[in-house]
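Next up: just one chain, as structure tokens, the form predicted on its own.
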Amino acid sequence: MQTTLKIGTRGSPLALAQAHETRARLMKAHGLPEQAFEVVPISTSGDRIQDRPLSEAGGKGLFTKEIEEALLDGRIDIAVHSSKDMPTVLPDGLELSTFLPREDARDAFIGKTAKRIADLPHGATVGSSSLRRQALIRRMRPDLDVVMFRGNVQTRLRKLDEGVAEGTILAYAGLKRLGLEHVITDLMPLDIFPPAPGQGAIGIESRIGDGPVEQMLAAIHDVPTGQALACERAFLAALDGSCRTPIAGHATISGEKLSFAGLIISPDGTESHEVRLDGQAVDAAKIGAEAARAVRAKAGAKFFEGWA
């Protein structure tokens, strides 16, 4: 294998923090110096498009397309992603082979005029770019004005300071990785505000059949996180989940047991359907797909008509 392993990533502070965490784990696992790795920031369409929701611009793949092209043509050796940003279908020749130990999957509320969503004044403005978060906010507080809020973590926090909105919701894991826990005013309970599939987990994409790279990555792969993500991504895939669909899903692993909770919700927050399934962790993907079939049956065909 070449002397320098090239790690592809988006260029935001959070994406770079995740790439640096990956590099640190590889250095420790293999006793290698920092010079054995090169972090390669790549600008993606998702980073450049800031004037409209991703659901209108093309969905999750906008955050991965350019990075995956670099992986396929050999400019980088691995790609580090936020797992929740990954489409369920990957380009031919690539796989999500490795997951780092998962961080806390909860969402965090950052409020300027109130510490909790429940305490916001009637008609207050809350910003979010996630259809899932928007729908869940509307379910909790139909009176709030939910607005589109694009940009990286620092951009969204600046918008709050500028008064564009009175609150926003971000992934707790991302704020922790950036050392920004102090801005959080409330943590959202998993049962009331379930996370996106893959939230809190760093996923590493690599070329199928690249033996030396596979060997390096195997040393840092966290099996329970991989099992949980297999379940959540199967749930998402069976529901044809994208940025256009408000879907939540969270699997937890305890020894050989897996517990999964999933939810689908209408964009306006007025209708939602939940599913819970338990099983063996080795059957993670089957459980996710089964949960999707169950919640589809519960919701009925008409529920999905407006999603496309």
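Start at 1 with the first residue shown and count on from there. None of these values were measured; they are calculated from a predicted model.
There is another form of this protein, the form predicted together with a small molecule, and it is not shown here; the text below is about that form.
Student: Three residues, V153, R156 and L170; all within 4.5 Å of the small molecule in the predicted complex via heavy atoms?
Tutor: Each of the three qualifies.
Student: With the partner removed from view, which of 226-234, 200-208, 92-100, 119-127 is the stretch that lies within 4.5 Å of the small molecule in the predicted complex, judged by heavy atom distances?
Tutor: Going through the listed ranges, the match is 200-208.
Student: Answer with one of L14, A299, A292, A285: the residue that has a non-hydrogen atom within 4.5 Å of the small molecule in the predicted complex.
Tutor: Going through each option in turn, the one that passes is L14.
Student: Does any part of R177 reach within 4.5 Å of the small molecule in the predicted complex? Heavy atoms only, please.
Tutor: Output for R177 is yes: heavy atoms within 4.5 Å of the small molecule.
Student: With heavy atoms only and a cut-off of 4.5 Å, decide whether Q18 touches the small molecule in the predicted complex.
Tutor: So Q18 counts as contacting the small molecule.
Student: Please run the contact check for T88 against the small molecule in the predicted complex: heavy atoms, 4.5 angstroms, yes or no?
Tutor: Flag for T88 set to no.
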